[in-house]
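Starting off, we have a lone chain in the form predicted on its own, written out as structure tokens.
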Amino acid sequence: MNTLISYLKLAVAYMQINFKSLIAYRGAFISQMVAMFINDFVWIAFWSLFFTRFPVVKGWGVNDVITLWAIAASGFGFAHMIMGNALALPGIIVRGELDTWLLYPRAVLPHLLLGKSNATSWGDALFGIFVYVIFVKPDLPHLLLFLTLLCSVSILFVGFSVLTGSLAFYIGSAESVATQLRFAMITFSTYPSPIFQGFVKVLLFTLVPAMFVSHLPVSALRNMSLSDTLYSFGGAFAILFAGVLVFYAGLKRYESGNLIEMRG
């Protein structure tokens, strides 16, 4: 418990430092955040127009899709506004930039992931909560469950980013591969889950675990289901655990870039 509290304090300290770094260039930060907010809102508008023509798609209505986009956007946003270096992990490994992070007395991975906040992810995080509250109009139990499931989805996205980014230890320049896998994850996470069947559905629970975003959390909110909530967290922690294992196994293969870098 003391270790957990210690790392939570570390995360809070990094968040404060990263936020101050972002608002040092306030105009750029706000413009990136607003641009992402607008981008997400365009997709919500598209799905709203779609459901005016087809009110129900395999049992899903417009509120289900809004819930899906809200939890996917906010989950991705919170994951990378807190642990922004997860997105940059393949490049950091390939360029030999891990040297600085290896000097810290604690575990390498938490320091590395917390070392940067992604500006556009703030827009995603705020967008998801905004549209869920304004358009779905949840009661208190649904809102609390939504916020709980955000933790699950955020853990999943961090774990997946670490897992795909760590491929750079094994195949060299993995930035394009990690990016394509991340785009696949986001794409499949933002479509109604009932449209996927058979072998594709199996893939979306394993290779690209989008069903832990698009299916289980939405089902948990629709039915106020404890079992679906637990499955969501189970899948998220499984992906995170796999990512951590692959990262530390790959770290044994890491070769220093011999870079001289100053950090303030």
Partner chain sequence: MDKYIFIALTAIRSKLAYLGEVGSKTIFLFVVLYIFLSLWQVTYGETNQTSLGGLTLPQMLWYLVVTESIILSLPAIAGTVDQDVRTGSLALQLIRPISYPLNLLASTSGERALSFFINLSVGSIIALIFVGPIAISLQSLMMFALVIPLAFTIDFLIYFLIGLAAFWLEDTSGLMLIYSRMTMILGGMLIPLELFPDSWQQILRILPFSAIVYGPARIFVTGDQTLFCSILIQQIAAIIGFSLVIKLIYGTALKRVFSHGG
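In this text the structure is predicted, and so the values were computed from the model without any measurement. Residue numbers count along the first chain shown, from 1.
If you look for the form predicted in complex with its partner chain, you will not find it shown, but the lines that follow are about it.
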Inset, instruction - Spot the stretch among 183-191, 157-165, 131-139, 101-109 with residues whose non-hydrogen atoms come within 4.5 Å of its partner chain in the model of the complex. - result: 183-191
Legend entry - Phe241: touches its partner chain in the model of the complex, heavy atom cutoff 4.5 angstroms: no
Inset, instruction - Report yes if any heavy atom of Ser219 sits within 4.5 Å of a heavy atom of its partner chain in the model of the complex; otherwise report no. - result: no
Inset, instruction - Determine whether any heavy atom of Phe50 comes within 4.5 Å of a heavy atom of its partner chain in the model of the complex, and answer yes or no. - result: yes
Inset, instruction - Tell me, yes or no, whether Asn63 is in contact with its partner chain in the model of the complex, where a contact means a heavy atom of each within 4.5 Å. - result: no
Inset, instruction - Assess the spot marked by Thr3, Ile5 and Leu145: is its partner chain within 4.5 Å of a heavy atom from every one of these residues in the model of the complex? - result: no
Legend entry - Contacts with its partner chain in the model of the complex, stretch 17-45 (heavy atom within 4.5 Å): Tyr25, Arg26, Gly27, Ala28, Ser31, Gln32, Ala35, Met36, Ile38, Asn39, Val42, Trp43
